[in-house]
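Just the one chain here, laid out as structure tokens, in the form predicted alone.
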């Protein structure tokens, strides 16, 4: 094994372990802060780690009427997809491990894979509750994926006009060239609208309240995950935690990729440490406002309400943002 390949393997292991640990920490903060904001004590910050360990040692039950191979495969597919996303998203201000081997289009596809895996797993479970949840998840995907695609591709398109000849749909390029300094007044408003659209799409992508419609424990007993247990449930749990880090990092890379070390005049190793800490804070702020505040402030929406929200106002906001970026280039 060459030194380059060995180095990439070690980096990949560190990214996977670090991303998983970070996701579990943010998941603990999510539950704790949401409880505090609702006047409850809430679980300890380490509770997600306890949950995963407990699930891993429990029996993995497969329903009698399930399609066993598909039922057992989908949690692994979901976890593998979000783990792969960690290799394409800039983490801590560093270049992604697989920089140059994929772009925003691939990221869009990989973001959809966990939801598709949950849908297939729900149908494979052979449970009416899981089937209803799977149907809801498919409808939700058709609703929020469109404004998400418009938001991500609008940023790359604008940069392609500003920097011809550069691979502008690379997340590394987008993070290295923040659009805030390249746009005029119209473009600035357009970026704000696209940022708002992405912040609203984030809790839907993570299936958090008010968009936890496919799970809806009080209505369909957990929906897609109603029949899952043991290590299969643990893999879905870990995938959800990692996806939280991915969505927060994606928002930071696209809209707030700035470091703090340059402003403070600190270089070298200490500069990198400062930038990593600043990155962690930025991801937490995104999660706090896009996930925690929203789940505390709003009740679960009906499936029709959620679809109308994404197809009309949110898609309209993202299209208006794209239009303003276009006009900014023309003017």
Partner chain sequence: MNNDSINLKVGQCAATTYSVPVGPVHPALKEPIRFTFNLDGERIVGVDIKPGFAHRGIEYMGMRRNLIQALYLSERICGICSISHPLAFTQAVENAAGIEVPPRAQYIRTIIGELERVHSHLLWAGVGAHELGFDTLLHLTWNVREKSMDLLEELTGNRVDYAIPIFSGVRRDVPAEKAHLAYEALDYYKGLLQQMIDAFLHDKSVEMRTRNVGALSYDLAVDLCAVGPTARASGVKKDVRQDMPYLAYADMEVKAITPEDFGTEPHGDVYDNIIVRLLEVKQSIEIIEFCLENLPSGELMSIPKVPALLATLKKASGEGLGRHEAPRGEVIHYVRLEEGIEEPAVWKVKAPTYSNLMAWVPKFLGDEIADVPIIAASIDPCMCCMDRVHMVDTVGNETTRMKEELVRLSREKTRRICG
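Positions refer to the first chain, counted from 1. It should be emphasised that the depicted structure is a prediction, and the values quoted were computed from it without experimental measurement.
One more form of this protein, predicted in complex with its partner chain, exists but is not displayed; see below.
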Can any non-hydrogen atom of residue 136 be found within 4.5 angstroms of its partner chain in the predicted complex?
-> yes
Using heavy atoms and a 4.5 Å limit, would one call residue 132 a contact residue for its partner chain in the predicted complex?
-> yes
Residue 299 within 4.5 Å of its partner chain in the predicted complex, heavy atoms | yes
Would residue 185 count as touching its partner chain in the predicted complex under a 4.5 Å heavy atom rule?
-> no
Quick one: of 260, 112, 98, 209, which gets a non-hydrogen atom within 4.5 angstroms of its partner chain in the predicted complex?
-> 209
In the predicted complex, which of the listed residues (40, 46, 65, 54) lies with a heavy atom within 4.5 Å of its partner chain?
-> 40
In contact with its partner chain in the predicted complex (heavy atoms, 4.5 Å), from 122-130, 69-77, 229-237, 187-195, is stretch 122-130
Which residues within 302-325 place at least one heavy atom within 4.5 Å of its partner chain in the predicted complex?
-> 302, 303, 305
